[in-house]
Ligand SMILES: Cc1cc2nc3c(=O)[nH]c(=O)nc-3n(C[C@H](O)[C@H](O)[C@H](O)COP(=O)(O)OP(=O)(O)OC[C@H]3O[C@@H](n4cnc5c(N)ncnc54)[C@H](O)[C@@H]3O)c2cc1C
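In structure tokens, the next block holds one chain alone, the form predicted on its own.
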């Protein structure tokens, strides 16, 4: 569809459009013939590739200077995929056969860069979307972005794909006394290695996969870590019965009810890891898979942290009451000294800060209101990818659905354009002789 001509045609009949499209000389306007994708992480890349395979062009905007900026810029050095590679590959292209079962951070980044090259995906980097709003009069989305030089661009598009994902912004909890502590307080997005904490007393807040792994990394660098466990948590071995725990779970769910699979997983876990409640890790009442389905809370896959907790190299602590000068007071009344605090408190969606839309996305948490698997499509050409709380498998499912849906619209409009062009060609020329 010739987006520019359609808009200009509408503008010609209503001067209000001209005023809306040219409110400031510092803004340039670009009409996008296909979908506009916000975010060049795995979700955005997967969607662009699926669209490309169907012959639909797209434009990808990325606020950082590289693809997969979370992986490249905000993850610790020892990170590797927690699930086997076959569950983490994007549509249309698998991992290299020589990659290990659990690829390391750099291997995953290499895979994503090769993926972008394979499908000729060239995001527009350093473009931060400040606002996106549907213009019902125009029938298009108007997306404003700001570059590093402060120059603004307004993109006008028929379809908008939100691919900023679940991990757009670091969650920084407020704790009483943060200004008084005096030591290093940082989110895991700024943590690279335990080397700089060698010999130091470090408190890690959060007992998810990141918190557990950061504690292990600190141990390996001869730091003295403690782990704040504020809630119940399911810890499972990464592998059981010679198979990956995740892969085994997926296979069992094909034949057995989820609660039965949960019981089986917990029995094998108890035999392999023992009673985690004895070391301060109480389990939730719901099983790990059922809890994941209902709340999105992912079980921890142990890669060695539990052994260090059992040996006393990692100390488990209750919730924090307040911070003091190089010390932390816990809710049980005890106070201990620490040199640094690492916040493994996760990430959140930032969609409500820039998307001016209230029907599809919740203003409270920035997630689609409709639960999986129905949260990928909204109204007026709005889509979401990477918000399923089901990792890269969920991302791949969303990307394929979105591409198929947009392809149908694209082909339908192309058919009408072709019919219109054919009718013009068949009209007799006005200066033809009789």
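Residue numbers count along the first chain shown, from 1. From a predicted model like this one, the values you see are computed outputs, not experimental measurements.
There is another form of this protein, the form predicted together with this ligand, and it is not shown here; the text below is about that form.
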* Is every one of 208, 287 and 345 in contact with this ligand in the model of the complex, taking contact as a heavy atom within 4.5 Å? -> no
* Work out which of the listed stretches, 161-169, 191-199, 266-274, 218-226, brings a heavy atom within 4.5 angstroms of this ligand in the model of the complex. => 161-169
* Option touching this ligand, based on a heavy atom within 4.5 Å in the model of the complex, out of 391, 366, 34, 381 -> 391
* Asked: Ok, 323, 83, 156, 248: which has a heavy atom sitting within 4.5 Å of this ligand in the model of the complex?
  -> 83
* Asked: Using heavy atoms and a 4.5 Å limit, would one call residue 29 a contact residue for this ligand in the model of the complex?
  -> no
* Give a yes or no for residue 328: in the model of the complex, does one of its heavy atoms lie within 4.5 Å of a heavy atom belonging to this ligand? => no
* Classify residue 127 as contacting or not contacting this ligand in the model of the complex by the rule of any non-hydrogen atom within 4.5 angstroms, answering yes or no. => yes
* Using a 4.5 Å heavy atom cut-off, state whether residue 403 contacts this ligand in the model of the complex. => no
* Structure fact -> Contacts from 41-57 to this ligand in the model of the complex (any heavy atom within 4.5 Å), listed N to C, are 41, 42, 43, 44
